[in-house]
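Let us start with two forms of the same protein chain, each given on its own as structure tokens and named structure 1 and structure 2.
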Structure 1
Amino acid sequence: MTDDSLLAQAREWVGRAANQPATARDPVNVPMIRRWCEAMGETNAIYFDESAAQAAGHPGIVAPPAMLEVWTMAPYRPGGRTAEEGMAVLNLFDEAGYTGVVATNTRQEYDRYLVPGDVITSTPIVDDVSDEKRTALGIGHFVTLRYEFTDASDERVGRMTFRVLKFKPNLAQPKAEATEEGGENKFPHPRPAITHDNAFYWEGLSNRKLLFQSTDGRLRHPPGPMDPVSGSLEFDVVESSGRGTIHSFVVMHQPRLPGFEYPLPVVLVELEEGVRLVANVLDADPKEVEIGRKVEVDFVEVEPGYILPAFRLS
């Protein structure tokens, strides 16, 4: 998806409900109010002392206005939100690679005090999707949600705008695993440099998939931002069969890196799809490694979470 069509699709949501209305699991109640006040350091007695509330002109205990959103919050689940609790407008961004999310600001307006017994319903409405912004966290779009809060008789009791930034995370570079002793691994396996152009390739490997860029059926490796033939900045990603032929090879003797076994064969494989790839060979006597030998890809976890392709002789 291009960034333009992403934005157009996201903006189709503006003015529409981002999700189903959520009704509070519990009515407004004094125990929850008391806990919240303790946690927040709130000492105003009108929130937990009947007589203090009446002295202040209320019919009885009232809930702190800032608790507006508390009543309809989704349940806490260790595994995160369910699909129903997610918002399709935000999912669009996730699918386009804007996987990062951070709440940036919120604003609440109150129509009346909530009192014990009120049953609150909130409805999120997509208010705005910004143009692309370049932030310190990464490139992204601000999505503003407007929550309408109503009581059991459908009267509005408050409103909240809540803004999140959906962003493409700045590319975190893989770090070497710590040793069992807890210190930094003195001889980590050499790491790739991950850029916007090749992140899909290395992500594919971490999922044990060998992926190549493809434009109009032309495959290419190593990855680059532009298809050299058409000039297109768009590309598809296709998974390789992993089958190929050794096009050339070397056997490394020097220099020797910790963690590698020498003599170390390194092969240049021409895959069935026509692209070439450099990798090591698994479980092979270096003498068996020859130009023209058929090979198949496998994947090796050289360090926890760090997966590289390797070939086996067919």
Structure 2
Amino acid sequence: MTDDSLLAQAREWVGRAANQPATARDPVNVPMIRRWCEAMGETNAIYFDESAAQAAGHPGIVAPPAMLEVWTMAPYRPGGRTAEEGMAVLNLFDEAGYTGVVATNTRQEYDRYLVPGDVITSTPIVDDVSDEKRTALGIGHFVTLRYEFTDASDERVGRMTFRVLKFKPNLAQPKAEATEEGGENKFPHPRPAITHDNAFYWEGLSNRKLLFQSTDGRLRHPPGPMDPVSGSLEFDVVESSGRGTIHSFVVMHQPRLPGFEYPLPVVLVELEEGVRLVANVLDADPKEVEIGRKVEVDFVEVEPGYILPAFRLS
């Protein structure tokens, strides 16, 4: 199939439902709201306290607007496939060799707060299919999906645009660097953008120290120019003990990028000082990675002079 033919077929889906509507398995409910708030660090009382919600003008507890998509998410399926991967418009690209997929951006709009008892349905509509693009991952097409969210009365409560890139993995490999003495080629590791705000962090890593910004005793990460509470542009630097517990984790299987080994456990660690940090786990069977497991930081020189933090199970 030529690219022109593929693009024409894919664009026939624009304006059409990409899949069957999905109705939430459970109504909006307080326990799930509470769990989501705990996971996200959300402390606004209108999401878990009736009196605070009523004082703010609501009839009772409401759900955080950012949970809009949560209610109709498909359950986990073996292999880690997402709901989007079963869509016919995306299958067209799979069949043409564009088997790689990565989400690029999303945007949500809210019409009203959701309240306990609401039963939400989402309908995905194909909004746009781009011309062929050459990206850092390779040659591919951006497919934009528009999700319409409605309640049991079929009234719209919000919408979301979700864009994915379907690309050809065999064209997505960066140029390898030859190793010494004719050894195996090694792909360069992704590098961060170092700015005035985060230079102290990367300098600390180069000295095998884990450093965080602190303003009035409040630690924060990732680094930023301003304290979100006081608005101060001044900060101190505090060294972490590097000890903590796994707050959450994911085992990455795809997309497979050069420079990493898969399956790849990635953890969100809550350090003793209260800061959370995302990093890889070293020398661990993915089955051993569990929420609440104790970990300790280590420093890995992934390339000469380029050091990253990682964690080992305690």
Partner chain sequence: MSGTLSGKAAIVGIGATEFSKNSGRSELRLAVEAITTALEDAGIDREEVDGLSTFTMDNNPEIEVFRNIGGKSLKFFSRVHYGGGAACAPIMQAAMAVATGVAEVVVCYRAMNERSQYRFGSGYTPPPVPNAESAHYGYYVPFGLLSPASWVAMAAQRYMYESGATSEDFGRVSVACRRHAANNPNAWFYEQPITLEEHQQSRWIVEPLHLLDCCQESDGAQAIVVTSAERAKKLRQPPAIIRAAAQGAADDQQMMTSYYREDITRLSEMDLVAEQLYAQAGVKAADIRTATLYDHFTPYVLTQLEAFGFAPKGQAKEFVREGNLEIGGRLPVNTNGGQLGEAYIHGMNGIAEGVRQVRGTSVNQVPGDGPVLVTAGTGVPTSGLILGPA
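Definition used throughout: the rigid core is the maximal C-alpha set that superposes within 1.5 Å between two forms. Sequence positions of structure 1, starting at 1, serve as the residue numbers. Fair warning: this is a prediction, and the values are worked out from it, not measured in the lab.
Annotation: structure 1 represents the form predicted in complex with the partner chain, while structure 2 represents the other form. In the core-superposed comparison between structures 1 and 2, Pro265 has its Cα shifted by at least 2 Å. When the rigid core is held fixed, the Cα atom of Val300 travels 2 angstroms or more between structures 1 and 2.
With the core held fixed between structures 1 and 2, Thr144 has its Cα displaced by under 2 Å. Per-residue C-alpha deviation between structures 1 and 2, core superposed: Val289, 53.6 Å.
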